[in-house]
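Take a look at this one chain, the form predicted alone, written out in structure tokens.
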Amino acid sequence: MTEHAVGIHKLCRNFGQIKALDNVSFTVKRQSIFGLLGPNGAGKTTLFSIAANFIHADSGQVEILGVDVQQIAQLQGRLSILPQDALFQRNVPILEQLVFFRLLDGRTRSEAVGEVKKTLEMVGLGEFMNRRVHSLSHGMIKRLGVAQAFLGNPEVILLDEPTSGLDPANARQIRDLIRELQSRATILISSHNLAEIQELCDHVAILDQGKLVAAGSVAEITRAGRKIDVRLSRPLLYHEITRLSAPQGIRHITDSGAGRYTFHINVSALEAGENEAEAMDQIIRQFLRDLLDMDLIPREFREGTSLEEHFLKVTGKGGD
């Protein structure tokens, strides 16, 4: 068994003069929740389409569970996908449509009905199982697509914009289901909701104009910003700002008002050490001790940049 559930190797795909994917390579560990990010037209849907064998790459390879996706039949029952705009028969009850999918996968009718009912309940559509698709709202159709992707026991699940169009309560429900599935599946999520990806995913890859511009763990990527954002129980006094600015690790402090501050880390202080992560941890521990000594309570605390800030930086959409 390989360590990685998904391997993307030097993947290229052109549409005429447009390079949708340009030599993209990364791997996805088993039982991880992996985010695929990028602006519109970055190549996310093209990559998912190749991974599902809907279209072929011009060159390169996608392996899922050690199988080249061009041999997609070998992944039957092991790979599932939610396309960005999943389509269903408008005049067939949703229960019957999903049961049909399970019958194609070799289930008996009684097994299929049981699985489908359970999955529809999971996504909040249990009471609508006999409704036809034309009578469902956009959000309900989205949840139906998610239900189809969750059917059975797939080992790898590809979800293209799984919560787009959902209200906050339903989006939260889908995120909770994704977390529950992580114990038995590897999940790749394409999304424009960067806060959602930061909350859900342990690793991400960022595409821009068909190229891979960043990849790694969310912790590594967001930590790279080398700053601390904090909201304190009260505004800092002048002598407190002076004290907190004194350690070698703090370069300067930005006051955003209402007790919110950004403490920018001295990069040279980090690079002087053998272990940057350890050096950063020491700076943060000292910073928190100083706050507590001054009876200042951090109401909010975030180390590094947000995923959104890093995304805007590496895709050239966020100034410096």
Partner chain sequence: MSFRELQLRHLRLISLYGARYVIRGGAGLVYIMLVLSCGLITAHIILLPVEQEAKEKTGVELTDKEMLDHLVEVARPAVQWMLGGKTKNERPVMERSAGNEKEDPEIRWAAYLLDEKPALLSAVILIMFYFTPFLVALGSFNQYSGDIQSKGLRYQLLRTSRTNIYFGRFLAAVFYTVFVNAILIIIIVLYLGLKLDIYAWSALARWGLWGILALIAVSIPYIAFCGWISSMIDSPFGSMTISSIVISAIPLFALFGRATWKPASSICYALPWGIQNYILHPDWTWVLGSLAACGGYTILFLLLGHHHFTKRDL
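Positions refer to the first chain, counted from 1. Keep in mind that what you see is a predicted model, and the values were worked out from it rather than measured.
Not on display, but discussed next: the form predicted together with the partner chain.
Segments offered: 89-97, 123-131, 163-171, 232-240. Contacting the partner chain in the predicted bound form at heavy atom distances within 4.5 Å is 89-97. Between the options 193, 84, 209, 217, the residue in contact with the partner chain in the predicted bound form by a heavy atom within 4.5 angstroms is 84. Exactly one listed residue, out of 282, 53, 61, 32, brings a non-hydrogen atom to within 4.5 Å of the partner chain in the predicted bound form: 53. Within 4.5 Å of some heavy atom of the partner chain in the predicted bound form lies at least one heavy atom of residue 79. Shown alone here, residue 155 lies farther than 4.5 Å from the partner chain in the predicted bound form, counting heavy atoms only. By the criterion of a heavy atom within 4.5 Å, residue 202 is excluded from the residues contacting the partner chain in the predicted bound form. Contact annotation for residue 181: none of its heavy atoms lies within 4.5 Å of the partner chain in the predicted bound form. Judged against the partner chain in the predicted bound form with a 4.5 angstroms heavy atom cut-off, the residues 49, 72 and 109 are in contact without exception. Residues of 146-174 lying near the partner chain in the predicted bound form, listed in sequence order, are 148, 151, the criterion being any heavy atom within 4.5 Å.
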